[in-house]
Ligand SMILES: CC(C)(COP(=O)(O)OP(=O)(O)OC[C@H]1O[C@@H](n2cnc3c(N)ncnc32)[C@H](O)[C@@H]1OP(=O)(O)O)[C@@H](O)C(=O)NCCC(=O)NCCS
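As a starting point, one isolated chain is supplied in structure tokens, in the form predicted alone.
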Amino acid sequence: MVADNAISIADAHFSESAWFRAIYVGEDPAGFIMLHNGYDYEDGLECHGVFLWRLMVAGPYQGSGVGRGAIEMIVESLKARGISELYAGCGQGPSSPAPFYEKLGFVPTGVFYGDDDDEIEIVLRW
């Protein structure tokens, strides 16, 4: 289960490794994105690079390119810093966001997360 934005913001405030921003379309809030730099294992993330901790797009904006645009902006920022990959976790099953991430070029790493291995690690490399 994915935490709501309030929980995510609280998590970020207690982590020295989190970076988060609101996503806007014009003046309207349309989503939320949060990254983790992978160096603070107390957060429960075992990734050795930049990890897409949260990406949430409000219902009215889903399917409109807002999520894709946010990921593209993150990738450009990471490229400028000499970073060449972005990790994420992806739940599996009928409501999985896997097709979204696959269209962007993310591929499974073979690593699983969660008590029941219900989330697979994916990575985008450039």
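Quick caveat, the model's predicted, so the values are computed rather than measured. Quick note: we count residues from 1 along the sequence shown, nothing fancier.
In what follows, reference is made to the form predicted in complex with the named molecule, a form of this protein that is not presented.
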Fill in: 4.5 Å heavy atom contact with the named molecule in the predicted bound form for all of Leu55, Val66 and Lys103
yes
Practice prompt. May I ask you to check whether Ser77 falls inside a 4.5 Å heavy atom distance of the named molecule in the predicted bound form?
Written response: no
Discussion item. Does any part of Gly89 reach within 4.5 Å of the named molecule in the predicted bound form? Heavy atoms only, please.
Written reply: yes
Item to complete: Examine Pro99 and determine whether its closest non-hydrogen atom to the named molecule in the predicted bound form is within 4.5 angstroms.
Response: yes
Discussion item. Since only the chain is shown here, I'm wondering whether Gln62 would be in contact with the named molecule in the predicted bound form (any heavy atom pair within 4.5 Å).
Written reply: yes
